[in-house]
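Next comes just one chain, in structure tokens: the form predicted on its own.
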Amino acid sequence: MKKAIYIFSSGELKRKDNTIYFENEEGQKFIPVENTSEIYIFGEVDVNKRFLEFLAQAEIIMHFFNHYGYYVGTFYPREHLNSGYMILKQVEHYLDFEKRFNIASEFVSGASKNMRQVLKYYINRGKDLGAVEENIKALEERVGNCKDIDELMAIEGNIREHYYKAFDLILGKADFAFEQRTKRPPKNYLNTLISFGNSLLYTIVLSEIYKTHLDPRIGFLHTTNFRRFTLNLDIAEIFKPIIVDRVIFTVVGKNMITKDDFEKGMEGLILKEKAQKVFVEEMENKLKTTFNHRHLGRNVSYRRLIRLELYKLEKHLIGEEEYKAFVMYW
């Protein structure tokens, strides 16, 4: 089974014969190309044109993150599964307000329901989160009455603000108090983890889109404009509570990451390399975890779940089946 490769060291990536070759002062390492699905670069890594051609030939995506752990960009090999027909359908659903709104509102409703499921999990374990859950539910009921996408985005923002404030009660750690959502740069430890996790998820969803007929440049909730990719941002909204937030609860709750794992940089707080590795490892563990999908009647992994969501969207766009966002039930 193919797997994602994460590179935190600095060095050089090359093609050597028909395999991927990484070299730095610490040594050399061969990475079998046939076992690699995508590459995440966190270190200062040099590549050349020959290597990029090799990645394109092997249909391997490469994501880059800067010194602060923020997403920089992606080497996205020439689209290999894109179809003109699907692109036309995406554009048709984007330009027709009602069609676009129906899909965008599903993303917001699905994300909200998954946030409430997270809260219910902790309510059942004695956390006093009932009021937060009710506030989110009230906002969720207003989704269908929004007049435009901007209003829908505002509702989504309000829902997430209520939800993130609940992290203080869930985590119970003063060092990781939420305060308010800050990004670019995040201004406290919790916001740094949220930004890092969300950036990772955006790239993971982008990698899964590459394996479908969908075009990542045409989203529905996030406006398609001069930004390179938007569909991955849309789909990630549904899975943030299920994947990213649960990883945060694990690494903070079990003291796998503490305030000592951050340092101050010119652009805000930085998650140190060791802590980045801890977070990435937990994220991969979550993505590999399988559960019984009650509609399919078989076990699927969380990574596979993201792909299934994209297939559902494809079916909606070609008129086979109305799209309903995934909502977890456990």
Partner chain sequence: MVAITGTLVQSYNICKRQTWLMAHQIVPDQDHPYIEIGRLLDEETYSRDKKKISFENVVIDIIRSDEGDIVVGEVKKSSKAQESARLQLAFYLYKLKQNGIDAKGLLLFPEERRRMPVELDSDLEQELEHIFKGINLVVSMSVPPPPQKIGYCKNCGYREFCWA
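Values in this document were obtained by computation on a predicted structure and should not be read as measured data. Positions refer to the first chain, counted from 1.
Missing here is the form predicted in complex with the partner chain; even so, the following discussion is about that form.
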### Query
So, in the model of the complex, is K16 in contact with the partner chain at a 4.5 angstroms heavy atom limit?
no
### Query
Might E12 be said to contact the partner chain in the model of the complex, defining contact as any heavy atom within 4.5 Å?
no
### Message
Check F97 for me: does it contact the partner chain in the model of the complex (non-hydrogen atoms, 4.5 angstroms)?
### Response
no
### Message
Does any part of S83 reach within 4.5 Å of the partner chain in the model of the complex? Heavy atoms only, please.
### Response
yes
### Query
Which of these stretches, 283-291, 296-304, 257-265, 61-69, has heavy atoms within 4.5 Å of the partner chain in the model of the complex?
296-304
### Contact residue in the model of the complex, chosen from R228, R184, K137, K211 - any heavy atom within 4.5 Å of the partner chain
K211
#### Entry: Residues within stretch 298-314 having a non-hydrogen atom within 4.5 Å of the partner chain in the model of the complex
R298, R304, R307, L308, Y311, K312, E314
